[in-house]
Ligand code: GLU
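Listed next as structure tokens is one chain, alone, in the form predicted alone.
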Amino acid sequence: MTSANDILNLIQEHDVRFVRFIWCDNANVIRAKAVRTTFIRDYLDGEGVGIAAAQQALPVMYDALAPGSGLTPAGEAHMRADWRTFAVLPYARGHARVLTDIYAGEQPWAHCPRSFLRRMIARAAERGLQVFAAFENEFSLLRPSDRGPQPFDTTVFCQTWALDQATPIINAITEALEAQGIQVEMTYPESGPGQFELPVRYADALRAADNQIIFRETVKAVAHQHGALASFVPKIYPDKAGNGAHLHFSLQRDGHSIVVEPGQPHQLTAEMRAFMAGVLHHLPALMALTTPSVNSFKRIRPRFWSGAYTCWGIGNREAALRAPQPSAGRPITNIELKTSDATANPYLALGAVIAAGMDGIARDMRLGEPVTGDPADLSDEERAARGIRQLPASLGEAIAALEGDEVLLDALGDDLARSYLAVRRAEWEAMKHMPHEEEVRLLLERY
């Protein structure tokens, strides 16, 4: 546990002038109030930094309340710092950051996404399970121009010329992430214009969601310092590859992986299979939390390697759930959910995946056989016989699925479910007929 003296020493050592208290709202907009360090002692303990309760009812379009949220301009909640997450920002001289849990009085606030993930972690722990995860982000680098932002490059997948052009930015992003405790595994140019992928190491579930906030903040800030705009918008170009944030997850018990059977590196355990079955069963509703923007559904289409059907496969990039292709001596270590992107609040997305997976375990759901080819090539009859459904094609359909999913609604709780659905309904109604170019202009700097 980080002590008050540790924080004060770091502030003095690094000449920190402001500490940003960070929260992420239901629209997945990362927000902050920055406290002058002259007064930081007042916030080391106690009720924390106040925000209007209505902040959790703001859609992505503007700072105005979504109708039906149950929240009004009256009332206040307080951000309590999790000082274990304190970090001096390598990209903002004189500033530091701390992630927060939001409280109402002495209790975690019912609308707090981070507290929701904590509850789902505790639910898994009741069965002796620990969830580990990592978000695998794709993002687009853009150059400003008189014609609006233009792609940093127009190369094809993994072409080295893209790396050559972006080397200073990628190096600076990597250094800034590693200065904040996030280890970058590799980087490579993706298929889309100016598109890059930068996978990071896995962590326990709470830290993984925190890392996603830190990752997004760092990538955008460092790119800006280099005269570029980095954006995680899922579908910037209608006819080009989109940006996902694939969610990799695994299960442990007593510090040991239970993804595969002992001594059988390619055989998933019964618990892992049931967890995966729960995720697939609830996936139509989960998408309102893991791919929750109107723009998200322009990426998720059959034959686009984005996971448009409720199926799983081994090494199959058209399956919504993918077990990485095992090799000699290398077991399956995690499962990848492809229907996930960076417009998702990571606490809500990962918490809901845990809730779905734990429901699969509790009900001993059956996973079925892996799909070995493209599910779009199967006939309607073949898909029906195997229980494979096409996933929602719009945010409106995903919202309707979530509204009918009692397991996920119960996990969220009445208050959080109400405010979250209100925000997403407001976004759906405002943006469902918005021209693509206007939608992208709105979202480029939000995500």
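Numbers follow the displayed sequence, beginning with 1. If you're wondering where the values come from, they're calculated on a predicted model, not measured in any experiment.
Omitted from view is the form predicted together with ligand GLU, to which the following refers.
Looking at Q195, you'd find a heavy atom of it within 4.5 angstroms of ligand GLU in the predicted bound form. None of the heavy atoms of D101 is located within 4.5 Å of ligand GLU in the predicted bound form. Residue contact with ligand GLU in the predicted bound form: D153 places no heavy atom within 4.5 Å of it. Shown alone here, D359 lies farther than 4.5 Å from ligand GLU in the predicted bound form, counting heavy atoms only. Among the residues R299, R97, R114, H282, the one placing a heavy atom within 4.5 Å of ligand GLU in the predicted bound form is R299.
Residue-level contacts in the predicted bound form: of P346, P375, G278, G242, one residue has a heavy atom within 4.5 Å of ligand GLU, and it is G242. Contact annotation: ligand GLU lies within 4.5 Å of heavy atoms from the stretch 195-203 in the predicted bound form, the single such stretch among 195-203, 117-125, 163-171, 141-149. Contact check for E190, F304 and K338: all three have a heavy atom within 4.5 Å of ligand GLU in the predicted bound form.
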